[in-house]
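First, one chain by itself: the form predicted on its own, in structure tokens.
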């Protein structure tokens, strides 16, 4: 937890309402997101019990599994879910546009779940369905393995820092508001929203305590309330099991079960759309569009791969693929943290407190300075001195950039402590064109207020990795290409 967030939490306790820790929205919100609220059966490995899903707050679709321990009913649930998810995903593949050196979908699908446990449910459901066969003794509906591959795609994108293909709403809200409760309690969507948007004449703390009552605000899934399980769910499932197929008693049990499950899902469903509306009230950060473009490219590539008959994602990455993916995630994390700071002064304030960034006033400018480069040619390298009262823990030689001048980098030449602060002298490069004398406005002016940061969106160097077919024996040797097997089709759902 950063100092800024800790301070905001203390202020939230004093004020009785969540405090903003962002001035802009750091996540992309699709115009037509697919909201997904799952429930699972307690004591079973990711056994789906019910789900509420849809793109319209007023028209949700309820899916239920009357006996989650029944394999056929589980896959019937997956088939119905596929009938919703797969057409939604495909609807974004029809309209494309040029993007850099490729063609990319104009928009991409976005799945929003209540909390991180919803992301884990999505990942496990994808693993449980993507390897299934549509023929043979364990055949499933044609859409089930395709659903599994897309759910796996969403879950893998959720691991990518800055990706918004699959969002946990509690994470997205906590990125922008600090409450007066713990981070663990913030994973309870009802309690989190109680702090962000408490009822009139009620404090966030009081509303959050009331939100912990499962009879008023059932858990946001995928786990259900134990009291509901024992007193309501178990008798209804027992009534369903003991009634004859196609009998009025079976239908009555099914209707009552659907009503009971709907009562558990509807409060969270409405909370989801309230939370999304609160996020939409914030203007998007400058870098959000670029990160969503990366999601659009990933979606376009994977949709093309699936359409061309590509195999399901493997159970485990090979050694080379795992190393490449780890490096990719590390670079994405560095870029994401830098972009958020440049977008948002409240995020940048954290780096200012740690000395990784500083804000100050330009007190000296040598805009016509020219020095020889590596080839001996003279190049323009202005010197700018900034007076700051922030702590500066960046050494000489560190590279920095200003939030308002992102295309121009500065190399710290010296850091001098003075009685009323610190003088930081920078050598500037980039963003000045090719003229010998920089054009007006391309170099900071005297008395200009600037915030320079050493947290830059620069790539982490990629290690020299061997080709996949040359994976050394110490790392398992070249991985075998995946081929669907009967064992995959018969695998226990987990």
Partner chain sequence: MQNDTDARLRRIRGSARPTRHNARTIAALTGNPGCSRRTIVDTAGVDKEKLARHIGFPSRFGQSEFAITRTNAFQTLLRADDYAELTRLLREVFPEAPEQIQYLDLEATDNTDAQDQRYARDQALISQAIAGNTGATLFDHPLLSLNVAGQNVYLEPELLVFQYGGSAYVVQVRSFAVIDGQANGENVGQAALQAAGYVLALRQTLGNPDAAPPEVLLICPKDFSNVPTITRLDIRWQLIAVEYQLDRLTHIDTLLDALPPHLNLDLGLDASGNPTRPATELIDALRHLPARYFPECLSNCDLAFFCRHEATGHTAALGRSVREELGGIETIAEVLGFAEGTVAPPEEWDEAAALLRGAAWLYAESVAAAAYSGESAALGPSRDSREPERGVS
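Positions refer to the first chain, counted from 1. Owing to the predicted nature of the structure, the values given are computational and were not obtained by experimental measurement.
Although it is not shown, the form predicted together with its partner chain is what the next lines describe.
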Each of 7, 14 and 24 having a non-hydrogen atom within 4.5 Å of its partner chain in the predicted complex: is that the case here?
yes
Which of 292 to 300, 225 to 233, 262 to 270, 90 to 98 sits within 4.5 Å of its partner chain in the predicted complex, heavy atom basis
225 to 233
Could you check which residue among 398, 415, 124, 141 gets a heavy atom within 4.5 Å of its partner chain in the predicted complex?
124
May I ask you to choose, among 287, 110, 181, 335, the residue with a heavy atom within 4.5 Å of its partner chain in the predicted complex?
181
How about residue 421 - does it come within 4.5 Å of its partner chain in the predicted complex, if we only consider non-hydrogen atoms?
no
Within a 4.5 Å heavy atom cut-off, is residue 218 in contact with its partner chain in the predicted complex?
no
Although its partner chain is absent from this view, report whether residue 239 comes within 4.5 Å of it in the predicted complex, heavy atoms only.
no
Can you tell me if residue 252 lies within 4.5 angstroms of its partner chain in the predicted complex, counting non-hydrogen atoms only?
no
For the stretch 339 to 373, return the residues whose heavy atoms include at least one within 4.5 Å of its partner chain in the predicted complex, in the order they occur.
345, 346, 349, 352, 353, 359
